[in-house]
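Okay, here we've got a single chain as structure tokens, the form predicted on its own, with questions on binding and movement later.
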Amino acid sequence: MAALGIPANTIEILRKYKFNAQKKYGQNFLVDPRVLDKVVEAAQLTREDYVLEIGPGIGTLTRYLAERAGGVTAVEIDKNLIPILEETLADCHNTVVLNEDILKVDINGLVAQQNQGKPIKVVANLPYYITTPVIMALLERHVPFKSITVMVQKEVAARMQAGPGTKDYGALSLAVQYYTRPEIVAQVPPNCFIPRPNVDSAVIRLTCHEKPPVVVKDEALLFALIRAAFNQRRKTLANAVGNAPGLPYSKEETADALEKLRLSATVRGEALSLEQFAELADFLGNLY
């Protein structure tokens, strides 16, 4: 099989199958072997690893993964890409392709079936329109994973690493940092893709914590408070929580809790660290 990381070979196979990239699926095919090497190197794959790839496209990255990992399951939503993948991955005997929407797949069941429930590694050139939903699904469903190494929009990678008081800081930052240690490992310009996206990209590796960096009594309450804070980030945290559907705490109760935690009653959520959100969750959780 000709190396798909070379632009001419990617163009040739797309023409062969009369395939046009679909904007609705965010299809941008990676055509730079150096970047492909960086992605695989960042994932630190060995034959002991089982990989879940999301959005394999024409199989460019998939072939790299199959060469280095013990096994790969590649989940592709676009049925028009399946015949291409059947050709490009014909000699990858440790690889399974599923024509599914990753957000509808029982990923925990998949891990149980393909890797006996042992932690996997996730590697992907993620379609940008579903980056956050995919990352949140992997985290919130407690999928057993060692690491997630993904190509994402540069601004999204910055949000995952952001700290309190910055414009990029938000619910995604807190969720990612609660479950993992994020590290941007490469910057990728638009000319590394066909078709070229309108934004810069970055490769980020999220390494799973052995245990969360903060201890909280009610994880669900912690993230309900975080979502409330950033759904209305211009409001004070007390107002945002007091207005949040599904949370029983009034503005006054939240303001009182903040003051008891030595925070201003008028503070906004973007000023609180993960540790402070955990303290607030524990305090409010004791009220009812």
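These figures come from a predicted structure and were not determined experimentally. For every residue, the number given is its place in the sequence shown, counted from 1.
There is another form of the same protein, the form predicted together with a small molecule; it is not shown, and what comes next is about it.
Stretch 129-137 is the answer when you ask which of 129-137, 86-94, 207-215, 168-176 has residues with heavy atoms within 4.5 Å of the small molecule in the predicted bound form. By the criterion of a heavy atom within 4.5 Å, Gln27 is counted among the residues contacting the small molecule in the predicted bound form. The small molecule is not shown here, and in the predicted bound form it never comes within 4.5 Å of any heavy atom of Val122. Contact between Glu100 and the small molecule in the predicted bound form is found at the 4.5 Å heavy atom cutoff. In the predicted bound form, the small molecule stays beyond 4.5 Å of every heavy atom belonging to Asp49.
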